[in-house]
Every structure is written in C-alpha cells, then in structure tokens.
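First, one chain by itself in structure tokens, the form predicted alone.
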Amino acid sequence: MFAKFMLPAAAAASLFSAQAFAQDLTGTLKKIKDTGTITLGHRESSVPFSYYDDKQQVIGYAMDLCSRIIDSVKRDLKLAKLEVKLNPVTSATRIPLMANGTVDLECGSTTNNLDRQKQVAFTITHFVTANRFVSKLSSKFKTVDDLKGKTIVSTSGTTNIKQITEINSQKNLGLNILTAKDHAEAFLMVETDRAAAFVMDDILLFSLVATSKSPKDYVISADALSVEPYGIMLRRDDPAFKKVVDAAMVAIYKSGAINAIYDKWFLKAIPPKGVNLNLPMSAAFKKVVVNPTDSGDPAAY
C-alpha cells in the first residue's frame, strides 16, 4: 500500500515541478518554449564567422557555436523539436533587430564593448581581434598617419568607423570617410581604387584578402587601432536566457570542443574557395578559453 501511495505522489510532484518550471519561464526562454522556434541573426559576408557559401547556406565559426547553444536551450526546455529560423543582419541593423525581438541570438562578428552593453547583452567572448586597415601594397601605407588626406572606407554601424572618425579628429588627418553597407562592398571600394584603405577588424581583413582575386596585392597595417573582443549578442535584462547561453559556451571551452571548432575555421581549408586562413589561436583568446569572460573592457584581454 505504501508503494502504491507514493507513486501517484511522485508523479504529482513531477507534474507540479514541470508546471512550475513552465510558469517560471520569462523573456526569450518563454518565447522559444511557446513558439517552438529560435531565430538566429547572421551575417552575409563575415568570413569565417557567419557567411553564405556557394550553395547559399549560412555557415561559419559563430554559426557552429550557436548550433551548440541551441542544443543546450533545447535540452534545458525539454523540447522534442526546436525550429531554427535564420534572419540576415548587417552591421547597422543587428543591434536594432536584437533589441526589438526580431532575432534571439546574433551569430556573427560583433564587438562586445561597454557602450553596446547599454543596448544589448553578450555571451562569453568567442574571438579577440584588433582594428587595423587594409590597403594596396603599391600604396605603401604603413601607419594611420600615412592616410592623411585620403579617402578611406569602413562598414556602417561598426565600432571601427567610430574609432577612425575619432582618430581623424584627434590627429587632424583630413580623411574623407565613406561608409559601405557590408564588408564585401567596403573591400571592393579598395579593390577598385574608390578608397585608399578599409578600416576593419583584422580577422575580417585577413579573410577578405585571402579570398580576393589577388591576395598578394594587399597589405594589412601592423599598427592596431584597438582591441576587439567578439561576442554572440542576446537581449539585455534577460538573465535566465543569458545563464543558459553562457553555460553552453563555458561547456564548449571546458570540454575542449572549442579546439576542433576553431581549427575547422581558422587552420583548415574553408568553403567556398578552399582557402586556409592559417591563423592559430591567439594568446588573448587562449586566456579566454581558460578563464571565460563576457567583459566588454579591452583591458580584460
């Protein structure tokens, strides 16, 4: 009789727990649970983080990380099925589309900084880069001072364009600063001599040069204008969702899974042209893997 009495009680407790969990859900987790979908914001040409391959499939390093995060969300919510919707974003639209609820995770190459943290949140840093510029080798530009009086370009809505604008003012360089809708368009402006240099995160410049028609024609500045930690974006003031996402990222690092994912995109041939970026993990990023952080302060790296 005792055993028979306890079974319904245990089942009732389990049911109550499940109901309580469902009722406790808020924000993005509740939205995902209720709709059975999660929407990823992705870039179109941020190689190798998030971009279209030759079959118009969205692939990349950040997309692989987001896929693991989605698996964790699905497990935590005990969902048998979770539909993934893809929504293209640009440098200019990614923060507004995150803030207004259109996308749930932004899987790209977005710098995490203290200013942006006033609008959105970031999970654990997944790459550390620096702001530099690319120009034609024949131009012989080595430092930002060499660009005095030149026309330069950067991508709309980026920290890079803000930084070069400030440097232009501080140094009185007289730059003519143009904006492009995406990285591909900005690089094309250098390629076609409509701009003398393109200011952007160095990893994206390395990728653009490596996949260009004539990589040997370009040089990336040795001088770094800033340190740029990348993070996957999510909405602010949603601690429950951030806790799940952060835990998924930490698990990727602590399990060692990050090594194979990193090698796949930075040390092996990648689609669509089979180019190998040959970029070993930096000391700054190795530090993050050992001690995961979501800091937007460059000094933390």
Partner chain sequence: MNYHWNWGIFWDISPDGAHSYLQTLLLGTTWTLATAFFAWCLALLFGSIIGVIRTTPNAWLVRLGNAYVELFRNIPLLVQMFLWYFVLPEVVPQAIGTWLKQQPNASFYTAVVALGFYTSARVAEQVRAGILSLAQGQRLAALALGLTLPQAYGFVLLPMAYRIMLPPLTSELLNIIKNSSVALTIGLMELTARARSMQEFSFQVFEAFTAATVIYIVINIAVTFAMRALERRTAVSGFIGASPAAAH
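Residue numbers count along the first chain shown, from 1. As the structure is a prediction and not an experimental result, all values here were calculated from the model.
Omitted from view is the form predicted in complex with the partner chain, to which the following refers.
Trainee: Is it the case that N259, D263 and P292 all touch the partner chain in the model of the complex, with a non-hydrogen atom of each within 4.5 angstroms?
Mentor: No: no residue has a heavy atom within 4.5 Å of the partner.
Trainee: Tell me the stretch among 221-229, 116-124, 139-147, 67-75 that has any heavy atom within 4.5 angstroms of the partner chain in the model of the complex.
Mentor: Every other range fails; the passing one is 116-124.
Trainee: Can you pick the one in I95, L173, A210, V128 that has a heavy atom within 4.5 Å of the partner chain in the model of the complex?
Mentor: That would be I95.
Trainee: Hey, in the model of the complex, is E83 touching the partner chain, heavy atoms inside 4.5 Å?
Mentor: No, E83 is distant from the partner.
Trainee: Heavy atom to heavy atom, is D217 within 4.5 Å of the partner chain in the model of the complex?
Mentor: D217: no, not in contact with the partner chain in the model of the complex.
Trainee: Within 4.5 Å, heavy atoms only: does L178 come near the partner chain in the model of the complex?
Mentor: Close contact exists here: in the model of the complex, L178 approaches the partner chain to within 4.5 Å, heavy atoms only.
Trainee: So in the model of the complex, does L79 come within 4.5 Å of the partner chain, heavy atom to heavy atom?
Mentor: Outside the cut-off, so no.
Trainee: At a 4.5 angstroms cut-off on non-hydrogen atoms, which residues of 188-211 are near the partner chain in the model of the complex? List them in order.
Mentor: Sequence-ordered list: L188, M189, T192, D193, R194.
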